[in-house]
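Take a look at this single chain, the form predicted alone, given in structure tokens.
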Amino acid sequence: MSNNTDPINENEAQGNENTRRAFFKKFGLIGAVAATGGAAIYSGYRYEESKPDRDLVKVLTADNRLVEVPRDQVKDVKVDLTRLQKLGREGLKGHRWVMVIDLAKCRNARQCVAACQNAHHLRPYEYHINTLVMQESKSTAPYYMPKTCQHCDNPPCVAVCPVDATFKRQDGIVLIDNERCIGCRFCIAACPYSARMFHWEEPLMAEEDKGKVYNIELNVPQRKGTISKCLFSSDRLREGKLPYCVSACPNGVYYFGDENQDAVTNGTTKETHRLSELLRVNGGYHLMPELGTKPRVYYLPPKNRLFEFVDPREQNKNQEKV
């Protein structure tokens, strides 16, 4: 999977002036980095091996790497919040992101749920993604269905928002700007998939996140009295990575990719398939297509299941007996 911001490693950043310029651009787009006394980034100047005694400081980069750089090459950077918000609203040009969920592979491992909650600082009972027990009739076996925001191309949530807090990006993703959200909950009422949650209490990591720059693509820091939901891991896509849930699933339930490239990738086995062929061969479908919301999430029916269904209620009873 690719995006329009190619990853730049540290060695390349120490090369010619053009590479250094790209390095600045890369880290400027993603957001601020933390350092003692304020946000800081490595300026990209070559560290002279002839001066090993130079004072070093540890710096956390925007891609969460802890690096050591010469103290005299660290400079404070004032974060351009307007630019960060603008980038978050525009999305990644040239892409149309899409997800495919294979119901035959889900065994309710819930590692996708945990990864999402960890990334977005949610409590165990707060969900951007959850797994539901589904059963078509009494004569058919139940199965698990991961349910997330459908990132509709005709999103009713966007239409009812009175303050433009929730919006549809050109790359297909529907996001929420918590700095604009007034907590009216019109979007919750309008969403037919029950994909949104309201922060009734102070966020889980309110103290730890205090003072951090708001990242509209990660929706952190969270704010009490606002809405949050699945973001298709927009922050990860900007770094050229798969969404948190896709990477965390141990059973290959999720495929994610670009509709414009007609390609999706499985997060576990790294298999790449043609989106159109995967949907055609396996009978892919949308949830409630009759509503006209035009979701960007497809489901593959639970045929030839890899795992026997185990009722979580029975699991809990057995654990209590033990």
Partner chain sequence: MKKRYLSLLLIFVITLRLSAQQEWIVPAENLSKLSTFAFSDSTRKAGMNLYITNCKSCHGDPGKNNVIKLVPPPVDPASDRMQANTDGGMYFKISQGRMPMPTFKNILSPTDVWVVISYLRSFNPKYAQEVAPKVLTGAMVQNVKIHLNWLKEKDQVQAVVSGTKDKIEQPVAGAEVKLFAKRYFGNLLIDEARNTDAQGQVLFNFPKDLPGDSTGYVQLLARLSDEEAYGESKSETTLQIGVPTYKPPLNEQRAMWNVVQKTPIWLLLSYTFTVLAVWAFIFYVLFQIRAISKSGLSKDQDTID
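All figures in this text were calculated on a predicted structure; none of them were measured in a lab. Positions refer to the first chain, counted from 1.
Keep in mind that the form predicted together with the partner chain is missing from the display, and what follows is about it.
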{"item": "Proximity to the partner chain in the predicted complex, single hit among Gly240, Gly252, Pro142, Gly225 (heavy atom within 4.5 Å)", "value": "Gly240"}
{"item": "One residue of Glu179, Glu202, Asp153, Asp209 in contact with the partner chain, assessed in the predicted complex (non-hydrogen atom, 4.5 angstroms)", "value": "Asp153"}
{"item": "Exercise: Arg169 in contact with the partner chain in the predicted complex, heavy atom 4.5 Å", "value": "yes"}
{"item": "Touches the partner chain in the predicted complex: Asp76 (any heavy atom, 4.5 Å)", "value": "no"}
{"item": "Partner proximity in the predicted complex: Val297 to the partner chain, non-hydrogen atom cutoff 4.5 Å", "value": "no"}
{"item": "4.5 Å heavy atom contact, Gln111 and the partner chain in the predicted complex", "value": "yes"}
{"item": "Option from 159 to 167, 188 to 196, 128 to 136, 142 to 150 whose residues, in the predicted complex, bring a heavy atom within 4.5 Å of the partner chain", "value": "159 to 167"}
{"item": "Residues in 240 to 268 with any heavy atom within 4.5 Å of the partner chain in the predicted complex", "value": "Gly240, Lys241, Leu242, Pro250, Phe256, Gly257, Glu259, Asn260, Gln261, Asp262, Ala263, Thr265, Thr268"}
